[in-house]
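Okay, so here's just one chain, in structure tokens, the form predicted on its own.
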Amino acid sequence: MRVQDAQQQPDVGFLPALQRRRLSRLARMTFHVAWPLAEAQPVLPLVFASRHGETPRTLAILSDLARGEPLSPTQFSLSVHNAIIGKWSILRGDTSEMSALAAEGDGLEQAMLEAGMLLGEGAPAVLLVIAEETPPAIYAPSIEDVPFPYAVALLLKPGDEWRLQLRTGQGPTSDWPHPLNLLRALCGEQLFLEHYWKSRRWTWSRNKP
């Protein structure tokens, strides 16, 4: 999903009202795209990736510190990078293996490797979610890779439809966040996709039937 309005809150009406109120928009986006994929699964390992995480919550905590105000334990506990998967585990009652990755611009590929290892260890399916929130204005000069908030969820199962390879190389960057480019490729007839990050060249190729 892509959030068009800066104030728009994704629908998470399937969650208890008290729990909904505690979720940030980043968490709401994550639950909004992931819950429908997990609904039919009794248990499901999860890999969550976000380069920037809960920057609005973190900034609020830093602002309180700067003003000498007491910190909110709830705000702090929900600001850590694995808070979202912790809430997910509690609300779904799922104690499967879960990981929260703070990767760089190729976080999607790093998450794919993590999910691939879980599949290789025998997991019948893995849920992968990558989500980014628009950073507060103070971070705008330093964070240029999130033009708008978005979240992508993928239900991965063993198979050979797509192949992911890593080589060295440099190339152009995309105007769109890479997870959305991949989503477009998955939904269309595209057979090939390249993603460059620093000296890493990731190649996605669809195996022909």
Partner chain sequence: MSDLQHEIKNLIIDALGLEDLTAEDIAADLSLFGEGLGLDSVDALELGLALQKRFGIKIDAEAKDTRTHFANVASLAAFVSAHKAA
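Numbering follows the first chain given and starts at 1. Values in this document were obtained by computation on a predicted structure and should not be read as measured data.
This next part talks about the form predicted in complex with the partner chain, which is not shown.
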| property | result |
| --- | --- |
| is_contact(D145, the partner chain) in the model of the complex, heavy atom dist at most 4.5 Å | no |
| Contact test in the model of the complex: I138 vs the partner chain, heavy atoms, 4.5 Å | no |
| Partner contact for P73 in the model of the complex: the partner chain, 4.5 angstroms, heavy atom | yes |
| Distance check, E69 to the partner chain in the model of the complex, heavy atom within 4.5 Å | yes |
| Heavy atom within 4.5 Å of the partner chain in the model of the complex - qualifying residues of 20 to 55 | R20, R21, R22 |
